[in-house]
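The data below hold one chain only, encoded as structure tokens and taken in the form predicted alone.
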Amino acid sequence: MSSSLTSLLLVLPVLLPLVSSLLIFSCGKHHRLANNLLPLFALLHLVVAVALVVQVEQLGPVSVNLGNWPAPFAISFIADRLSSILVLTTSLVALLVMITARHDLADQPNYLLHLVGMNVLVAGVCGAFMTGDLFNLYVWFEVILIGSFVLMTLDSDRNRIEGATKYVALNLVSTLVFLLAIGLLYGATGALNLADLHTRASELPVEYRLLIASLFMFGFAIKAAVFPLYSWLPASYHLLPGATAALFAALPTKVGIYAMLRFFSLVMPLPETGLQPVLAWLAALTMLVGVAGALAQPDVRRKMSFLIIASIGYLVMGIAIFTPLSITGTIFYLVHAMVLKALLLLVAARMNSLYGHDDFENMGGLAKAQPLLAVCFLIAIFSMAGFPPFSGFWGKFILVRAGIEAGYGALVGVALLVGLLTLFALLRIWTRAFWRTAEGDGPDTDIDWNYDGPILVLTLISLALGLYMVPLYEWAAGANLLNPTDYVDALLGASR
């Protein structure tokens, strides 16, 4: 493949959603045209993401410098094993969620703006995964924030405005801290390029590294909804329309985890900052708070919002342990979490479409009326709880094994306990909404492929990740985040 085509592959994951959003916005009242453009561009985005993964498999990390500037001064995009697999997962989730969105959001007065916001969000996420310098990571964080705020406030009531305010307020704090950290790091090193910082940051005094690393950790922790900076998530996610909530569940917090992974492996290795014990404590508390909140909720989507927080705890756990095996487990679990969270929130959207509310205590009969939905949800429960041979089991197994080998017995114990409590939290929905006999006529028995089709595909993907886990495990292990020589060479233009 030519270098120009490789460069195009690196830009298209960001460019295509932006072009899609512009075309959809220009459709005006022609909703049918917008409905055709939406999956077309999402499918094209998926094809590009697959081609990018193939390119990385063949050549290793690949990069492009925009504007004819040399590295490390150029605006750079780079794809390695980590970023390419996350772009692919983002594309797949976005395609399936947008299929549902065409039906789920169709009655919204500003329907087309919802679709525009979703595309802007996807563009921001892909840009964050592939950017090669810290300042542009900040830029893509802001694109994500803009898209998120638009989606949260469109056609909203007072409760959604309140949730959006909390979301934006905390994320603005994160932005300010992140900018402060970038400024301090640039002032001390004269660099923003991630590969350039890999060398220069190691020369900083220990005290200065601790200060800057702490600021970055604080900023990333808000983006990822890590304890105690998670309150914006359960205050906002459950109020969103079903398809929008599914996209949010899969993407924005995972960008915070990605940034944490990349920064603390490439720029300032976590053990050298002195923050490793702190991050281990935060991982345990995030898991516990997330599952405790989920157990207390009678609302389907609010319960699942807290379970997103619990899953973030597992990802932070893998980073905190900081061994090759734990980083591999983090990447594996990250892909699993993106797929499964989208699946769970689409199930919640389908339940809401059947009953008109999210209170599972006042539901019933779904197992009989909607057997396909019931099977998919049951598989999601077992995967989320970590039952073999589902993908959640393999992700947790790798993390638990890494924790035991590294001497993090207490953290492993918390992870196992949270897995058990997660099962109880989700089985409560199953026993009330699915297994219990419905009162009256019960829910609709017809299959709605606008919801059930994407739910089925995501379930099959989750099953495939569990039953055929070796390819993803080998891909994650080959990312070599703790030995980033190939990444640095590619970003500085030494190899490609």
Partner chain sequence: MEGGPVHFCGPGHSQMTQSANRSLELVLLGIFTLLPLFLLALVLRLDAMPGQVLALAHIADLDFALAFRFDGLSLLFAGLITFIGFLIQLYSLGYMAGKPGRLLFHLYLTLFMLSMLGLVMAENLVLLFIFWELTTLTSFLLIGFTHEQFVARRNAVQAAVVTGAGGLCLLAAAVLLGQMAGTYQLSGILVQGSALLDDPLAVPCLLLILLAAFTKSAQFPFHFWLPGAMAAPTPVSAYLHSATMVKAGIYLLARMSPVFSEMDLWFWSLAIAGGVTALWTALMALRQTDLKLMLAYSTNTILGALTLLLATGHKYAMVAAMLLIVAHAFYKASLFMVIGNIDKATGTREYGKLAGLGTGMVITLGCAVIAGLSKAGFPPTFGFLSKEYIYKAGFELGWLFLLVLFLANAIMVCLAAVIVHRPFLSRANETHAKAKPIEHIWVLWMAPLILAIGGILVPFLLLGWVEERLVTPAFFAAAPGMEEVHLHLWEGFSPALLLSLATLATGLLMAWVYEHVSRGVHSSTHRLPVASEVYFSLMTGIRKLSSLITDNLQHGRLTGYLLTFLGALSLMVSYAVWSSGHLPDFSPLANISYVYWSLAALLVMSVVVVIRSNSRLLCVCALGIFGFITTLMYMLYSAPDVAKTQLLVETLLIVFLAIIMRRMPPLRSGPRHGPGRRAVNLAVACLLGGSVTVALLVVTSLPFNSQVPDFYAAQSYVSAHGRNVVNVILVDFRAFDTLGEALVVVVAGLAAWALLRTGTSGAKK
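The model shown is predicted, which means the values in this text are computed figures rather than measured ones. Positions refer to the first chain, counted from 1.
This protein has a second form, the form predicted together with the partner chain, left out of what is shown; the following refers to that one.
> Given a 4.5 Å cut-off on heavy atoms, tell me which of 251-259, 165-173, 336-344, 87-95 is the interface stretch with the partner chain in the predicted complex.
Single hit among the candidates: 165-173.
> Whether Phe129 contacts the partner chain in the predicted complex should be assessed with a 4.5 Å heavy atom distance threshold; does it?
Looking in the predicted complex, residue contacts with the partner chain do not include Phe129, since no heavy atom lies within 4.5 Å.
> Can you tell me whether Gly313 touches the partner chain? I mean in the predicted complex, with a 4.5 angstroms heavy atom cut-off.
No, Gly313 sits far enough from the partner chain in the predicted complex that none of its heavy atoms falls within 4.5 Å.
> Quick one: is Ala476 in contact with the partner chain in the predicted complex, heavy atoms, 4.5 Å cut-off?
Because no heavy atom of Ala476 falls inside 4.5 Å of the partner chain in the predicted complex, the answer is no.
> Looking in the predicted complex, any heavy atom of Met469 within 4.5 Å of the partner chain?
It does: once the partner chain is placed as it appears in the predicted complex, Met469 has a heavy atom within 4.5 Å of it.
> Here the chain is shown alone; which of Met384, Ala284, Val300, Met217 has a heavy atom within 4.5 Å of the partner chain in the predicted complex?
Of the candidates Met384, Ala284, Val300, Met217, Met217 is the one lying within 4.5 Å of the partner chain in the predicted complex.
> Judged by heavy atom distances of 4.5 Å or less, which residues of 369-403 approach the partner chain in the predicted complex?
Those in contact are Pro371, Leu378, Phe382, Phe387, Pro388, Pro389, Phe390, Phe393, Trp394, Lys396, Phe397, Ile398, Val400, Arg401.
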